[in-house]
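Only one chain is included here, represented as structure tokens and corresponding to the form predicted on its own.
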């Protein structure tokens, strides 16, 4: 009987892609996906370590799995990804029943690690960082979405932001050859995918050192010429690497979605310097101004950290005023949490946890109002929506517009994977509601 596996993913889109690759590797070797943890022979937690809260979630889940392990000693438990890379010793100390420890990009060896721990009874470990990204790429990927697929273009980060563990968990930046990226995108389109998402820790810093020596804007332009590829997204660009060339390509190529996620982290130049972000408040606002003046409307989202060491009330007010100035279409905001091997650990001026919470709540309320007002402006507009799932509320279906807004509406399941026109009839701070314009349905 085939062994059953269950993969639980924590963290970013890069982790989601890693999990799809792990699943592809396991299924290639005869294993099947379990629908419930109780029936799984192998449970793999693909982890994130960017914030302490994500780490705590993994330890809490390991505590739950321990009860299952006590009943079934042959259950294989794996912890993979960034958390495993960063604190493998701590994991084994707190959860000695873990059987597998592996860093990111280990999909191709996952079956080998499973078989090794079953054969020897010892912990199977692989924490090596691969320099050659093509050596860890695979065509065996169990995609979770039938129309949208992620494509990794780079791994790791050579920047040293004071709060970030990515250089420790995924290593310095390495880029894939442009030819390999283009070939993968073409293969995905041939399989029926209509949207791809380009992934990298600082995706717009992509530049080949050899071969075609393509820059990120050049890569985008080349991908946009693939026949049948309707949409291209990318995440996350770094403000210090944002160029006029990139903006010009976004404006000129309609296949490139009119949405950009531009993490700012703080609205205070003093805090940005302490974070080692490589730009000032003024420089960030200059970039935003160029985007807003573009002939094509571009939605802008961001990431923000509150309570970074040394952040005063005046610094926090600078962040609030940045929200007002930029009018972000959406924002992910978090309380600063100390992370191992980061420069911020040695900075003075720790902000009390209660104060972090107050600032986060105030910021999120301000941003919620901004999003509510921005979405209100969509009433009566018609948007092209890629239908990709069932809605979680009282509507039948959901999809995304090019600017990444979620649109919920009623319609038949036959619309799945199609681009349709939806007239917006309602809104909230996080999504839009609409009516499918039947006569405007676009066939693939």
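Values in this document were obtained by computation on a predicted structure and should not be read as measured data. Numbering follows the first chain given and starts at 1.
What comes next is about the form predicted in complex with S-adenosyl-L-homocysteine (SAH), which does not appear here.
In the predicted bound form, no heavy atom of residue 310 sits within 4.5 Å of S-adenosyl-L-homocysteine (SAH). Of the heavy atoms in residue 164, some are within 4.5 Å of S-adenosyl-L-homocysteine (SAH) in the predicted bound form.
Contact check for residue 263: a non-hydrogen atom falls within 4.5 Å of S-adenosyl-L-homocysteine (SAH) in the predicted bound form.
Looking at residue 337, you'd find a heavy atom of it within 4.5 angstroms of S-adenosyl-L-homocysteine (SAH) in the predicted bound form. Heavy atoms within 4.5 Å of S-adenosyl-L-homocysteine (SAH) in the predicted bound form are found in exactly one of 103 to 111, 175 to 183, 211 to 219, 337 to 345, that being 337 to 345.
Of the residues given (418, 57, 69, 51), 51 alone sits with a heavy atom within 4.5 Å of S-adenosyl-L-homocysteine (SAH) in the predicted bound form. The contact with S-adenosyl-L-homocysteine (SAH) in the predicted bound form, taken as any heavy atom within 4.5 Å, belongs to 305 out of 250, 305, 272, 82. Scanning 174 to 202 for heavy atoms within 4.5 Å of S-adenosyl-L-homocysteine (SAH) in the predicted bound form gives 200, 201 in sequence order.
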